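Before any questions on binding or motion, here is one chain by itself as structure tokens, the form predicted on its own.
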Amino acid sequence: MDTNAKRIVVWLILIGFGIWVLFTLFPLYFMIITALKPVEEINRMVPTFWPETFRPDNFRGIFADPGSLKSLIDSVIVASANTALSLFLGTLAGYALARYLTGVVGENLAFFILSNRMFPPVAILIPMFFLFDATPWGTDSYWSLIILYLVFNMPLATWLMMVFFRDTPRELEEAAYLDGYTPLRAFFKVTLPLVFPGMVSVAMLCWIFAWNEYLFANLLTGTTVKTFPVHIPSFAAGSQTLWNFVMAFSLVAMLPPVILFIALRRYMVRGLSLGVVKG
């Protein structure tokens, strides 16, 4: 390939990459400028792609409603508690599948567990409502969402942790047994540190699902508990939707997962690559 042909290929790649970046970042850009506009400018027939009047106080205005901050706190509680339970149970189940339930039985059981993550959530929407309505804590509580999200997060955590445990050398545990370690101590001292990056990745995936989930949160929350996806529609004032408040609140709600991902990116990359090390 001559120099001109290489140059054309490079330019085509750069143009394609630029188009991809434009389509990827434009929604975020439009969210930011909409959050900084007054309502009158947002409701124009011809949209503006740069605010003529900046309203940074929109970010302060969303917290004029006490429910805004409470919804974020409720989301943190639900997402964090569910992630902890999903990771704890998924780690134990994944270890059992990787070490003790091998062969056809283990493979079929693992696939059955993962298949629970594949069905459409709307299929169990009404049965879950009546089920949790009959529980002592009812529907409008933290426990309803925390336990319900286990239905979706625990299969994913179990499957991924099983893969991570299978990729760890079993010989290290056997060597620990020879040194006098009990199986429980070998699990915590030898095996668990090896899969720690994978645990961080699983925790992040579970946390993001619980943080963003809307369908069940809209059904099972009310006045006592209300996560932020359910709170966003409250910015529709009568026949008018305050899109500047909606976008401002959405940007604020994006910050926790973005900060977590930046802080844990080193573990995320290592953890997500654990399952493909052996090819």
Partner chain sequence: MARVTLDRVNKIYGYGPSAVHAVEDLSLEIEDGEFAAILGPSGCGKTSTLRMIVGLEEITSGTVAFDGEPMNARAPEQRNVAMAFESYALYPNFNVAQNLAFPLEVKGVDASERQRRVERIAGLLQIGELMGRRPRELSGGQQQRVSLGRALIREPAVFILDEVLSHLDAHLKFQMLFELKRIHQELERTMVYVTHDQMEALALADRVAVMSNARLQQFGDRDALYDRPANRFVADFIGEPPTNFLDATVVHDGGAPLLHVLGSDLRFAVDGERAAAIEAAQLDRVTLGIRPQNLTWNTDGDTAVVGATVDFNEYLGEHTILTLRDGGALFRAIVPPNVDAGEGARVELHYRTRNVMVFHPETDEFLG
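Residue numbers count along the first chain shown, from 1. What you see is a predicted model; the values in this text were computed from it and never measured.
If you look for the form predicted together with its partner chain, you will not find it shown, but the lines that follow are about it.
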Legend entry - Proximity of Asp179 to its partner chain in the predicted complex, heavy atoms at 4.5 Å: yes
Inset, instruction - Report whether the minimum heavy atom distance between Asp133 and its partner chain in the predicted complex is within 4.5 Å. - result: no
Legend entry - Heavy atom of Glu174 within 4.5 Å of its partner chain in the predicted complex: yes
Legend entry - Residue contact check: Pro193 to its partner chain in the predicted complex, 4.5 Å heavy atom: yes
Inset, instruction - Taking 4.5 Å between heavy atoms as the contact cutoff, choose which of Pro183, Pro127, Gly138, Pro121 touches its partner chain in the predicted complex. - result: Pro183
Inset, instruction - With its partner chain left out here, work out from 193-201, 140-148, 107-115, 159-167 which stretch has heavy atoms within 4.5 Å of it in the predicted complex. - result: 193-201
